[in-house]
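Take a look at this single chain, the form predicted alone, given in structure tokens.
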Amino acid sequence: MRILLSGCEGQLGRALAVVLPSHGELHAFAKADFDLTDEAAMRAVLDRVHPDLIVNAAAYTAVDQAETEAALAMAVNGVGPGVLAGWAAAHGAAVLHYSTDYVFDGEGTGPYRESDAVCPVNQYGASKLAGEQAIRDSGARHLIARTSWLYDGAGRNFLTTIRRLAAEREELRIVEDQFGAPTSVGWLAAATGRILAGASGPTLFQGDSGGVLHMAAAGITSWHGFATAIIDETRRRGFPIKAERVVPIPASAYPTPARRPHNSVFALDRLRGEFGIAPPPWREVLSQVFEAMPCGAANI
């Protein structure tokens, strides 16, 4: 199976680039060589590689900036995935696309199921929803993997930001009234590999095995809870730390250009029941991510 991976330079793309070679002949592309805003260039690469599976990990992820760059966010997150899926439909390929909890408004009181009504509250979420719709409308075999609160032990993300701030400041003020499940890109990539191991060729994402799938770690916490856990792990493992207090604050005390969902918790029944993947508790995975960090390294 020939696999084309877009966005290989991002945190999820880097993790997928480690896993995907076990499932086929991998052709990995960064933005410079596979720009989702350049349809002609994309089609040229697709025609040359002629993949059996397109894995799209590329995305515009600057949530606040998307409020003023809505057209660019839509081009990358909405139009680009539609081009990929259109090519796939015309050539018998399958598409694996990663989406987000931001397609929901976050006003629900329970975990969101794949079938729940979508209603994004910011431009980023609207652009990601447009990408989902374009893929569905293409007729290509597809799996849209919605995930949430992604992080890694390296690069720029919530974990590395909190570690940096904790080394610089005595007090951190973190939002306590937004809830989700922090999800390691390493775990998400490994779970993706398990899904791909279950089918290949013309059966991949065929019929009921495709559609939308929620993929995240198990459990619920707030950004404050996540930050506190990061600092606890940092202190326990002897990394440099200055922070003495992590103060919980409401989201209203930390205004941002883009609204965020209050509730980003996913129901994971389909992941468990249909794909046989039991998502681990988020706290357990966080500990594993710390274990993999070089001792004493800043990782920021």
Ligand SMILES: NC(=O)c1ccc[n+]([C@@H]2O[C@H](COP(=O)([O-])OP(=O)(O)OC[C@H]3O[C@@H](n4cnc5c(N)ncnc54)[C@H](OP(=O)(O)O)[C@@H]3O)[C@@H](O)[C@H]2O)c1
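Just count from 1 along the sequence shown to find any residue number. Since the model is a prediction, treat every value here as computed from it, not as a measurement.
Heads up, the form predicted together with the named molecule isn't pictured, but that's what we're talking about next.
- When you look in the predicted complex, the only residue of 135, 196, 76, 213 with a non-hydrogen atom within 4.5 Å of the named molecule is 76.
- Residues 35, 61 and 150 are all found to lie within 4.5 Å of the named molecule in the predicted complex, as judged by heavy atom distances.
- Partner proximity in the predicted complex, defined as non-hydrogen atoms within 4.5 angstroms of the named molecule, places exactly one of 109-117, 142-150, 82-90, 165-173 at the interface: 142-150.
- The named molecule in the predicted complex is approached by residue 100, whose closest heavy atom lies within 4.5 angstroms of it.
- Proximity of residue 10 to the named molecule in the predicted complex falls within the 4.5 Å heavy atom cutoff.
- The named molecule is not shown here, but in the predicted complex it comes within 4.5 Å of a heavy atom of residue 57.
- In the predicted complex, the named molecule lies farther than 4.5 Å from every heavy atom of residue 260.
- Residues of 120-145 that come within 4.5 Å of the named molecule in the predicted complex, judged by any heavy atom, are 124, 128 in sequence order.
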